[in-house]
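Have a look below at one chain only, the form predicted alone, in structure tokens format.
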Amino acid sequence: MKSFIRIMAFTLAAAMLLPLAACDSGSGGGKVETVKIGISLYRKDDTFVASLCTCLERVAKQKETESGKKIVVNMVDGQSSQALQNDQVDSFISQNYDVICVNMVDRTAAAVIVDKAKAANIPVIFFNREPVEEDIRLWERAYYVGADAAQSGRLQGEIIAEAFQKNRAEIDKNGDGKIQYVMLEGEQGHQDALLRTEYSIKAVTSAGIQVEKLANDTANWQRAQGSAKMTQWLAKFGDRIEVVFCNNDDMALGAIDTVKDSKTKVHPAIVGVDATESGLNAIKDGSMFGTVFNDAQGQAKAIFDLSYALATGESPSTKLNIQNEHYIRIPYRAVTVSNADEILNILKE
């Protein structure tokens, strides 16, 4: 009798364990592998950065479905504080994330983050706000994904130069043979702001067109600040302003807000950078003259593909076009009313 009871007890225990074993086996005989990617943003409410993050999340979900791996993408807001961003990187390191991606608050402070990542042997990918090259080259597993800011400036300037050459009166409203302009800059010391500002004007003067700068100031990439600066300039210069160069679309939209509310009879040609949905719609309704497509989808895919390769032990160079061992550049495109719908369709894909 005791022997029978022992046999029954063993049989019941074995039966109870069978479902557990089946659940643990999975298709590959083990637990689903998890890829953890930590992302610290300089400011989550930045229009372009928000668009890039939406694309990143979409790409990650697609890969999760394809690969069967669990992919954790944790995005945190640096709130324009480098100290907070450094703490966020420390948190990712303490939680053993596979890759850390950073949209720098202060592009000159990247060495601190590279040192932290190197000590923990966790690859670090900077994006959108480019650190100085010396910091990127501190470690072989530090990368930058973004675009060539000088190219965006050149394309912006070429939009104005080509319009001037095709129909001078459209740009040179006072007929003096030169372009009077104002410049809304992103922020002081920011790499993209500096290069967009410089190369937009170089592109115009290289086309043999004379320019006269009436004013320039920073508006920190923000629509409200762009509007406030434009209000001051319209009060001072009025119809003399023929072109408004803006380092991004949000500031351009701010300038447009002011022009629409003003009583000025001569509306300047306003150009931006990024080709946000709002910017493209402004081109379509004629209030923005042009912009430059900053490919959020292309950058997001490159950031994710690089992160995934590094996290899973693949060689990034076999999957991606890495320049100078550390850089992935996504090209810009000029946008005017002729191709605004095409770019809008890309954004909606």
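In this text, residue numbers run from 1 along the sequence as written. On a predicted model such as this, the values are computed, not experimentally measured, just so you know.
Quick note: we don't show the form predicted in complex with a small molecule, though the next part is all about it.
Contact annotation for the candidate site: 48, 192 and 221 all lie close to the small molecule in the predicted bound form (heavy atom within 4.5 Å).
Listed residues 293, 289, 42, 308 were compared with the small molecule in the predicted bound form; 42 is the one with a heavy atom within 4.5 Å.
Of the candidate stretches 184 to 192, 255 to 263, 107 to 115, 153 to 161, only 184 to 192 has residues whose heavy atoms lie within 4.5 Å of the small molecule in the predicted bound form. At a distance threshold of 4.5 angstroms between non-hydrogen atoms, residue 128 is in contact with the small molecule in the predicted bound form. With a 4.5 Å cutoff on heavy atoms, residue 200 does not count as touching the small molecule in the predicted bound form; it lies far away.
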